[in-house]
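Only one chain comes next, encoded as structure tokens, the form predicted on its own.
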């Protein structure tokens, strides 16, 4: 397609094959993904959006040249950011997610009949539209009355909303540029204030291998506000170094005491009861990062 060679992160090799080049400065490594076809691209008011069909990962969402998720492994991230906090809370009614415009975690939340409200806050309407066309058909949630898509900056939304939530899932980007404000101490306070008295939140907290400071600062900020803070790990083949972390912060409920009979894992591809518990077992070097 015309213009594809000028897109961020894309490069043709000497044989004319198109690749996505993903360089991670913190780890000083580079991953490249072989492209079968560039399906869609657009410069939105916020970022460069592309959808590609890859050899190794199938269809993939790419933002500003950085792969975000794919059809072949996206279930890992979606299941682990959603099921663990939802099951940790014994009776969540109101659930919201900042980020996740592809609506993957929202689809997982829909499996829990007791949830009455599922809000997804995505700053970029163009991301939602692209994902609906190429990755997640609207038929997955168009007849779901509990679901609401809100196109707004996540920090502005959480500062302005009057709603209280039992579970908040914070699928934030890297702590650079506009996304940096979702890592500031005042943002954690806003999250705390928007939770119910027994509410909890989960935060994407980076790679413990090459984003050590992100994980360390996330845990430090949350421990200043929440009595229960737990780190859990997942493996994401799409991401450089693979290992990734989430940090769960709760006003009352400990995931290690969760009733796993509530876990809706009949049709999941990654999480089950064993994985739920095992994800909280941390290697020694991760414990050292956060002072455990």
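Residue numbers count along the first chain shown, from 1. Quick caveat, the model's predicted, so the values are computed rather than measured.
Below, we turn to the form predicted in complex with another copy of the chain, even though it does not appear here.
Inset, instruction - Heavy atoms, 4.5 Å, another copy of the chain in the predicted complex: which of 75-83, 166-174, 97-105, 147-155 makes the cut? Say which one. - result: Going by heavy atoms within 4.5 Å, the stretch is 75-83.
Legend entry - Distance check, residue 241 to another copy of the chain in the predicted complex, heavy atom within 4.5 Å: Yes - in the predicted complex, heavy atoms of residue 241 and another copy of the chain come within 4.5 Å of each other.
Legend entry - Proximity of residue 256 to another copy of the chain in the predicted complex, heavy atoms at 4.5 Å: No - in the predicted complex, heavy atoms of residue 256 and another copy of the chain never come within 4.5 Å of each other.
Legend entry - Any non-hydrogen atom of residue 34 within 4.5 angstroms of another copy of the chain in the predicted complex: Flag for residue 34 set to yes.
Inset, instruction - Indicate whether another copy of the chain has at least one heavy atom within 4.5 Å of a heavy atom of residue 212 in the predicted complex. - result: Within the cut-off, so yes.
Inset, instruction - Check each residue of 218-240 against another copy of the chain in the predicted complex and list those with a heavy atom within 4.5 Å, in sequence order. - result: Heavy-atom contacts to another copy of the chain in the predicted complex: 235, 237.
Inset, instruction - Explain in one word, closer or farther, how the Cα atoms of residue 266 and residue 92 are placed in the predicted complex relative to this form, where the distance changes by 3 Å or more. - result: Closer in the predicted complex, by 3 Å or more.
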